[in-house]
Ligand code: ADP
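Shown next as structure tokens: one chain only, the form predicted on its own.
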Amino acid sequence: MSDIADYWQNFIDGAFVDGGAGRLAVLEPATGAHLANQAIADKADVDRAVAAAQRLSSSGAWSGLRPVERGRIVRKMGEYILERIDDIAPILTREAGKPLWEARLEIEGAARYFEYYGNQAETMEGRSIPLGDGYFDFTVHEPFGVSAQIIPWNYPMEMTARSVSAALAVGCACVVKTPELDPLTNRFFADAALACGLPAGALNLICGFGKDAGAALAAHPDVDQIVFTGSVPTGVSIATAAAQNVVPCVLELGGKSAAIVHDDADLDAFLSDVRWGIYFNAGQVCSAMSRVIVQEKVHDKLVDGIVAVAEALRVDDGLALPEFGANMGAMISEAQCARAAGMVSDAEREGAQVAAGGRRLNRPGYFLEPTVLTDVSPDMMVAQNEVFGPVLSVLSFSDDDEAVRIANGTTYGLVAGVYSSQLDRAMRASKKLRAGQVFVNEWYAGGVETPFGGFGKSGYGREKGREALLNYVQTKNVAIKVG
């Protein structure tokens, strides 16, 4: 327990530095106890980080490299992280509350982003455009320059890797504001940058409060592009600040994602997905399966199965859960846990029934039982608003059109799912669902290679896949009169 350093610094222009706003106490979700202190950035620190990124960007020392060379360094950073998984995973578990095996999966996922985008670096090719005799016309992709990235706390390593690896691959320089609830493991990206030959200024990592460092970064006049994952109100604030500087954003703002389960679905396969869909990372996932919309004919049978899944989960300190299995860790903070528990109580007052869980555990830390709510109607607050916790709402439908109406009946549109043995039925639903990604017969089907982003208030822009690379480049057209 004593192997975690007491004090963790920020990383600016290739050096570890203190923060102008002092220090923040990072708490351990499993116990509520003090874990470590983190340097906190102020506006002056943000200015220094952006200036370092801008200098590096203007120099061409990174963007001017042959793409294959950039790609090799990006890949090495992922390899560096993966080689140190045994050191990083316990720290991630202790600062984020997730089971140790989930922490390892997150680190593996972070490394995979560096591998994928490192391999993509030399594939960003332009095209020639025929204009007839006398002209030669072509396009090139040029990096925006300084990419500001504001990272959420639910996957502090994986979400950082997702945007940093893509931005670096095309030649951008990054300023990352790490999450104040679990900032510690981002330090290993700085270590990777130093060890793998990334130029100073290409990656800057600062921890700070959203209202201070986050706001200063989003509004900074020398930032060229912004990536944000988080709540709708904060996303609106960031987009507003960015608009003042006419800076493009990628916003991923959460969801209230629904799985439609038809009476011809493989129910056993679906129940296996429930564990991943809503109870992975204690439900603190933007694309969580937070609503199940089930056909009336199989409603009661499916509810019994879902309740059995929830009640079979062991909820414990993440360090006590080293192996993959039916288990779940703590939520990230007292505030998040209290909010989720409060939404369950509110749902009960509106008429929902608690079929499983619904209570906080009587122990230190931020633990909520895996929860299943039934008798939920589409207009209830719990069916409309993101809980961001291990709370599943079950609704019913009679026909296919009603299922889609219920699924589309929120302001969000991040992901959705359809479970049916009839491919034509699933494809009809997929076409009608307002979601950026639709899973058919497997929640979280896809991977790093598949584009991810939302409709409606789930945000705009796409991350993951080749589409994400286009976030970080501008297309320049060159038209030449010849002959």
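Just so you know, these numbers come straight off a predicted model, no measurement behind them. When you see a residue number, it is the position in the sequence shown, counting from 1.
The discussion below concerns the form predicted in complex with this ligand, not included here.
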query: At the 4.5 Å heavy atom threshold, is residue 389 in contact with this ligand in the predicted complex?
result: no
message: Under a 4.5 Å heavy atom criterion, is residue 257 part of the interface with this ligand in the predicted complex?
response: no
message: Against this ligand in the predicted complex, would residue 374 count as a contact residue? Criterion: heavy atoms within 4.5 Å.
response: no
message: Please determine whether residue 349 contacts this ligand in the predicted complex, using a 4.5 Å cut-off between heavy atoms.
response: no
field: Whether 143, 172 and 248 all lie within 4.5 angstroms of this ligand in the predicted complex by heavy atom
entry: no
- prompt: in the predicted complex, which of 106 to 114, 176 to 184, 92 to 100, 354 to 362 comes within 4.5 Å of this ligand (heavy atoms)?
  reply: 176 to 184
- prompt: Of 198, 121, 395, 238, which residue is found within 4.5 angstroms of this ligand in the predicted complex when only non-hydrogen atoms are counted?
  reply: 238
Single option in 336, 225, 281, 165 placed near this ligand in the predicted complex, where near means a heavy atom within 4.5 Å: 336
- prompt: Using a 4.5 Å cut-off on heavy atoms, which residues of 139 to 154 contact this ligand in the predicted complex?
  reply: 150, 151, 152, 153
